[in-house]
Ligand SMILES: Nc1nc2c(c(=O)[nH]1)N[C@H]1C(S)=C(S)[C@@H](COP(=O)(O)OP(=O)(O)OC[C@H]3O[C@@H](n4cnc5c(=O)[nH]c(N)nc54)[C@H](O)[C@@H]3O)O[C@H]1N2
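Okay, here we've got a single chain as C-alpha cells, the form predicted on its own, with questions on binding and movement later.
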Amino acid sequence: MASRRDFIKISALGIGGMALGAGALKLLAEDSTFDPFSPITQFSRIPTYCEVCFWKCAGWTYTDDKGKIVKVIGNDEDPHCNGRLCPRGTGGIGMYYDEDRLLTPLVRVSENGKQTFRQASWEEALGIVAENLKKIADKYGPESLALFKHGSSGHYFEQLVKAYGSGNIVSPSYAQCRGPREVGWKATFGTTVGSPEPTDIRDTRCLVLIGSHIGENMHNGQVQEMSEAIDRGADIITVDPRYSTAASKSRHWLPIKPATDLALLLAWIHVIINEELYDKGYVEQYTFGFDRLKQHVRRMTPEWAYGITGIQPKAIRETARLMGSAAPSVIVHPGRHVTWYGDDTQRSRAIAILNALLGSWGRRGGFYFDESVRLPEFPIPEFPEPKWDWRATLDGRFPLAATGISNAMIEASIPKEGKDSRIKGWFVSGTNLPLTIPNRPQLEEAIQALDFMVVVDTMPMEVTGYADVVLPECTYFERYDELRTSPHREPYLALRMPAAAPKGDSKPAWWIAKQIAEKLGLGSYFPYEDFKEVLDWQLKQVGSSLEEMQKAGVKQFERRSPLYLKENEPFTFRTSTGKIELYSKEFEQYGFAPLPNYTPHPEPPDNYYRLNYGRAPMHTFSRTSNNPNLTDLMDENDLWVNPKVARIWGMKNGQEVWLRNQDGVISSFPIKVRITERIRWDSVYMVHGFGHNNKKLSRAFGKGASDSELITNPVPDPIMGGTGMRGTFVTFLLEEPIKAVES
C-alpha cells in the first residue's frame, strides 16, 4: 500500500538535494578547522546554561579573538554544577560544530513519483506551516493540533499552540519517564518531586538507590554530592539487577530479580514497622493511615519477599536496619526514569511511604524544601479557551494524569472503527519520537494518518524524515532563551545568551514561533521584536537586569521560608487530610488501591531475556549520539550478557548479534556482546539512544542497536498513563537475519 508520508532519509538527497549552498558548506569547513595551537590574543566569556540534559547546568562559553567558540566551563556560582560540568556539558560544544546539523528549512515535495525534501526560504516554509495550520483550524478546529515538546524551545511553541486555540500539549518525558513518580509522591506528600530532585545528599547518612543510576545518568549536582557523602562515610544501598557504577560504590548491592522491586519495598516497610525502626514522633504528628499500613504489610516478611525477589531475608533486614539507624538523614531516592512495569505509580508510592516512615521528608540529610524565583510572565493576552483538550484523548482512562499522555495523543491521531481521528496535525519540537516513544508501529500509523506535520530540530533526527516541513533551530550556543528558574536550596536565576551568530540559516525557537504567530494573526501573543526585551523586563521585576545577568550569568536570591521542618513544627500537607497519606484517600476515591500491593509480572519465555536499558555518562537519550566530541567517548552501545548465558549460546566478547523480541521484531542493526558477571542471567542490558537509521547522522548511523525499536508492548499505568517499558523480552540471532532465514 502506498504511504501518505514516506520516511525520507535526508542523506539520500545528497548535497544538491539539500541545497545547502556553497556559503553554508564554507561556514562549516571554516568552523570545523579550529586550531587550538594558533595564537590567541584574547578570550571573551558569555553566560549560558547547558541544553544537553534537563539538569541545565550554568556555565561560561568562551570565544577567541576571531569569534569562534572554543570551550565551555561551569559557573562557580551555580548550585547545579558548582563550577564543574559533566562530560556532556563540556562536550556540548560539539552540537555547534557538528557538520551534520540542519542549516536550512526543508519542505516535502514529490519528484518523479518519489517524495523528497527541497530547500526553502524561511518565508516559504513558514508560509506553508501557517497555511496548513489555518486549514486544520478551519476544517476540524484548532484543538486538532497537538504539540510534542522537549527542552527549552518547547516553551515558545506551547505559547504559540495555546494562542492558536489548542490545549493538546504533550511532553513525552511525563508518560515515558517521570510521571508515575510525580503522581505517587503527590498522593503521599501533597506535592510532586520536581526537578532537580530536592535530595539532601550532601548531608545524608544513608542513600538508597532502587533503579536509580546516579553516576551513569550524570545528574551533575547529585553525583558531586554523592561523592562527598561517600567521603564522609555515608552508606549506599543499591538495588539493581546490574552491577552499576553506583553499585560499585555501595555498602550493599542487592541484585534483584527484575520486576519485583515493589515486593522488596513492602518487605522493607514490614521490617521498619515491626522492628519499630520508624520515626515515631514524625509518624504520629505528620502521617495518616499508619495502623492500616501496619496491618497491610503484616505478612509481607523478608521471607515472603525472598521467594519473589531472590534477595536473602538477612540482606533485606540488614539494609532496613541500616536505613532505620540513619533516619531521618536517609534518602530512598525517588528515581527519574520510573516507567517500568505498569504499576509504577504504586511502586513510587511505596518509595514515598518508606521515606515518610523514616521521617526524611523536610529533614536534613533527607529531602529539603526547595525554592525557585517567582518570575512574572511577560504580559500577553489571555489564551482562548479550547473546546476540548488532552483529557478528551484519554477516553476516561488515567484519571490522575496531570498532563497530556503521549501514547494517548498518538492513539487519538489514528482513525478507528469508522470514526475520524481527533488529532490532525502535529508540531514536534526537540523530541526524536521514533527513538522516544514505545510501540513504533503505532507511531508510524499515526504519522501516516496526519494531515500535516512540522518538526523543529537542530539535527536530522529520525523524526524529521516524516515531516512535511523541517525548520532548523540553532543550538543553545547561538540564542537567548527563557531564564532558568529551577528550584534548589536557594532560589537562583541563570541566563543563556548567544556566543555566536546562528550557523547557516538556522534560527532560535522564539523567532520561529513569533513568525508563525504573526502569519496566523496571533502576533499580539509575541509582543516584542527581540527576546532580550522579555528577559530584561522580567529581570527588572525581581530587582535585576539583563545587563547584570550578562556579566554574572547566575544570581542567587533570598529564601522565603526555612529549608527544613523545625522540630515538632505544625505543618499542613496539601493532601485531603492535611497529612502525609500513607493510606491514600485520593487513590481510594478513584477506585485504586490506597496501599500498594505487589502483583507478579510476566516472565520471559524460554531462551528469552528481559531487556533492561539505561544511560551512559557521556550521552543523553538519542540526541547526543552524533555529537563529534561525545562519540569520541562512546560511539556505540553494547549488550551486557551474563557468562552463563554466553556459554549456552556459544557467544564471545565483541561478537555481533541481532535481537528479536517476543513479538518477532528484529533490531535493524547488530550490537556487540559484552560478557560480564555484572548482569543477572535472566536479563540483558544496553545503553539507550543508539541504532539510528538516518544516514545523515554520519557518526551515529548503524552504530549499535535501538532499545526503543524493540519495545512494542508497553504496559500502561492505569492511574496516570505512564508507559511501562521493561516488559520486553529478547533472544539472540547469531547470524544476520536474512542469512538466518535463507538457511
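When you see a residue number, it is the position in the sequence shown, counting from 1. Source: prediction; values computed, not measured.
Below: the form predicted in complex with the named molecule, not depicted.
Just one listed stretch, out of 286-294, 360-368, 322-330, 451-459, contacts the named molecule in the predicted complex at the 4.5 Å heavy atom level, and that stretch is 451-459. H150 is the sole member of R422, R202, H150, K579 with a non-hydrogen atom lying within 4.5 angstroms of the named molecule in the predicted complex.
Of the residues D100, E586, D505, E216, just one reaches the named molecule in the predicted complex with a heavy atom at 4.5 Å or closer; this is E216. Looking at the named molecule in the predicted complex, residues A259, T620 and R623 each place a heavy atom within 4.5 Å of it. Contact annotation for H337: at least one heavy atom lies within 4.5 Å of the named molecule in the predicted complex.
Put simply, E473 is close to the named molecule in the predicted complex: some heavy atom of it is within 4.5 Å. Contact annotation: G211 falls within 4.5 Å of the named molecule in the predicted complex, judged by heavy atom distances. At least one heavy atom of E51 is located within 4.5 Å of the named molecule in the predicted complex. In the predicted complex, S429, G430, T431, N432, L435, T436 are the residues of 416-439 with at least one heavy atom within 4.5 Å of the named molecule, listed from first to last.
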